[in-house]
Every structure is written in C-alpha cells, then in structure tokens.
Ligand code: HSE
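In the block that follows, a single chain appears as structure tokens, in the form predicted alone.
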C-alpha cells in the first residue's frame, strides 16, 4: 500500500443541453487537487478553502470509503482537498472531489481497479451530496472529454476523448448564489409530454453526431432542452437575460450547467465579449457573478504516488 497519493480531477458540465443524467463534458479548468495520506491515526478530511465539511458525511469520504470497504481495507486516512471547483456552483464540485478521492484510494491500495468500479464508488459521493447516485458528472470527471452514460447498472459508458473533440471555447458564468442539487432535482416532474420527450431524443442524437463530426455550430444549435431546463431556469434569477446577452454577443448556444446556478455558453470566437455580456446580465438581475473561459479537457490524473 502506498502512503501518499496526489491526484487532480476536473470540473464538469452535466446534462450538456438535452442529455439529462446522460451527457457529461470535462472542463480543462478548474480542477480539484486531492492529497491522500494513509500513515495516520484517524480519518480526517479537510478542504482548502475551509468549507467546514463533516468528516464522514461528505462526497469524498463516501467515495473513498466505499472503494476501500469493498476491498476489505479498513485503515484511517487523511485527505486534503484543494477546491478549485466551488461547491454548489453547478459545475461538478462534488463529482470532482468524489472522483479524486476514489482514484487516490485506488492508487493507494495498489489494486487494479477498473473504470466502472471507480465510477460506482464515485457515485456514492454524488448520492451523499445530492441524494441520487447519478454518474454523468463523475464519468466525465474521471474519463475526460465528452461522455454518454448508456447504463447505470451495470455501468456502461461511451466516450469521445478530448483530442477527438472539436475545438471550441466554453464560457461559464457563476452567479453569487448557491443552488443545491437536491432542490433542482426535486422540481423535475415525474412525467413529461410525449412530444417533449421526442424533441429531446432528436436533440440528443443530433448532439452526439455533431460532436463526432466536430461541427461546433451544430453543437451550439442542439444545446437545447425541452424537458428539464424549463423547470430549472426559474431557480436562476436572470437566466433569460443571461442567455440573450450571450447569444447577442455571438454565442452559438447557451444552457444551464448541471443543476445550476452556473450558466454556460459555447463559442468559436469572441469568448471575452460573451463573458462580459453574461456578467452584465446577471448584474442587471441583482447578482454579482464570476466568469471564466475554458475548453473541453482531460480527465482525472495521478500527480504523485509514493
């Protein structure tokens, strides 16, 4: 067993338009960095910045301990999570911590842990954070690129690695508010009109084709959602203004990242102007916001192990 492991795991955009609980896209930045030490006397989890999370009721502990217990390893550990992904932002904060924790534990155990097992363990972190063991975020954070969940049990995932994706920019606007995933999921209706379901099937299949063809304008065109977004956007004050501002500034498409409140836009140029427009629109709705520009990125990586 290794005594120290350091890994990083990226932020993600879950759902990615019409692919609710199915599509995921890894972002090049930001990333969480997880440092796992095994030669300790008690289990402790700390975050930087300090979010004062309880040691045994958080996503990272749930993911790491789920994997350890499965392999009959019951030793204390110290985990330090340097949070590059802000909690409650909608860009996969709990997923990044869960994936990083699970990967670090797998490396520390010196066991040949497969991707599907890492995804299952990471989903326990998502269940702890949101109440549902969805895997669209964790899959993208682990594998990188664009991922498509085809089965939850057993875990089956299709993916397009980042070097096979088209080149485009992603502008992310994070309003100064927290929107819990549990709340965003609670408002989703249990049944939907058949015509809306058909519309999303068309959009989803078209999105996969556009990704494979590296057709950036079409990716923006198909970045629509008739099933979930209409119910979630009222939870994000100013969403319609932000969407319009981004499109007026040249964005190819706009949607909510994950459960929100982050809003993202696709661009093949003019990303800085789009970011300014989105920030101004949130301000007009009464919220300050932070914006950043990134691109599709790589998955979780081991930085050090000894």
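Being a predicted model, the structure only gives us computed values, none of them experimental. Numbering follows the first chain given and starts at 1.
Only in words, not in the display: the form predicted in complex with the ligand, which the text now covers.
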{"query": "Listed range touching the ligand, judged in the predicted bound form by heavy atoms within 4.5 Å, from 257 to 265, 240 to 248, 46 to 54, 273 to 281", "finding": "257 to 265"}
{"query": "Non-hydrogen atom within 4.5 angstroms of the ligand in the predicted bound form for each of 6, 32 and 58", "finding": "no"}
{"query": "Proximity of residue 292 to the ligand in the predicted bound form, heavy atoms at 4.5 Å", "finding": "no"}
{"query": "The ligand contact in the predicted bound form: residue 25, any heavy atom under 4.5 Å", "finding": "no"}
{"query": "Partner contact for residue 287 in the predicted bound form: the ligand, 4.5 angstroms, heavy atom", "finding": "no"}
{"query": "In the predicted bound form, residue 139 touching the ligand (heavy atom, 4.5 Å)", "finding": "no"}
{"query": "Selected contact from 159, 204, 181, 120, since only one has a non-hydrogen atom within 4.5 angstroms of the ligand in the predicted bound form", "finding": "181"}
{"query": "In the predicted bound form, the one of 86, 214, 185, 221 near the ligand [non-hydrogen atom within 4.5 angstroms]", "finding": "185"}
{"query": "Contact set, 12 to 45 vs the ligand in the predicted bound form - heavy atom within 4.5 angstroms", "finding": "14, 15, 20, 21"}
